[in-house]
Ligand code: GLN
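Heads up, the chain below is alone and in the form predicted on its own; it's given as structure tokens.
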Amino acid sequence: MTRTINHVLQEGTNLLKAESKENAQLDARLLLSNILNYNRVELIINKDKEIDKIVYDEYMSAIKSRVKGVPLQHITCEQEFMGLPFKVNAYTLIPRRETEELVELALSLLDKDHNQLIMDIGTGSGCIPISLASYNEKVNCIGIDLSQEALKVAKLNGQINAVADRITWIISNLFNSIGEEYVETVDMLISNPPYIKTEDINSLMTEVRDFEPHMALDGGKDGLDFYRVICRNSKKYLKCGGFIIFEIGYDQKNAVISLLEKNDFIDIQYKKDLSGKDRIVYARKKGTQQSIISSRGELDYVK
């Protein structure tokens, strides 16, 4: 039987549609593109090209995995973030568009003319510090995660994006293994921590609930466990005037603001994402010594 790219794409699309998968056509195309190492235009140009049984079997295996709910990114082992290539796997949270907005905000607050140290708590794939280092040559970063397997992926991503020499990776349960040499040295502390309520984990979509690491999802009974610890301990490492920036769940703005207030952070601000949901809360450490951070950006002041 002759199998052309066009025929195989249609077969893959039909199998995904039969399981009511959203974006069935797009997923089918991306999976074949990944296997053939073709871009979209090359798939179209070569639509009548015959593919051999080895490629066909590999493609059908990928389609069957997607039918079972395995995330597309775990099948291809890739996800683009901030225009950069990242490797991902079952040990890392898949980088999402909302987190790009976190990185964009951080970049707008940094000063391109001075060296700055950024700490990322719960770094996962390393997408946040790697992106910041890639787009600001004065940035050095510390990426912290409890998962040794996640940090292996992060280190690889640092090498792929040619910023490995400006990022230090540390295995630590939040701040437990952070050395005294980092006390009051950090200009900006960023975290996209686990913020899903424990009782809500089972109601997440299959791709998230069954295939992404629960360590990166479960934020405790009220979803705020990690925010409490970070707000309480981050001041030890931040310079006076340094920024703390959080990604938050859509309904957590007021709770996170309250935690920042209780821990004496100042200039608390928030930002909505492109869908209009509250997504980012950030503030500065109180003090007279100013961190080398610009004050650019027109956002909503809370206090």
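Owing to the predicted nature of the structure, the values given are computational and were not obtained by experimental measurement. From 1 onward, residues are counted along the sequence shown.
Heads up, the form predicted in complex with glutamine (GLN) isn't pictured, but that's what we're talking about next.
A residue is said to contact a partner when one of its heavy atoms sits within 4.5 Å of a partner heavy atom; residue 123 meets this definition for glutamine (GLN) in the predicted bound form. In the predicted bound form, residue 158 stays away from glutamine (GLN), with no heavy atom inside 4.5 Å. Put simply, residue 93 is close to glutamine (GLN) in the predicted bound form: some heavy atom of it is within 4.5 Å. Although the partner is absent here, residue 71 is not a contact residue: none of its heavy atoms lies within 4.5 angstroms of glutamine (GLN) in the predicted bound form.
Using a 4.5 Å heavy atom cutoff, none of 116, 141 and 238 lies near glutamine (GLN) in the predicted bound form. With glutamine (GLN) omitted here, the record of contacts in the predicted bound form names 192-200 of 72-80, 171-179, 133-141, 192-200, defined by a heavy atom within 4.5 Å. Between glutamine (GLN) and the residues 105, 230, 224, 216, the one pair within 4.5 Å by heavy atoms in the predicted bound form involves 216.
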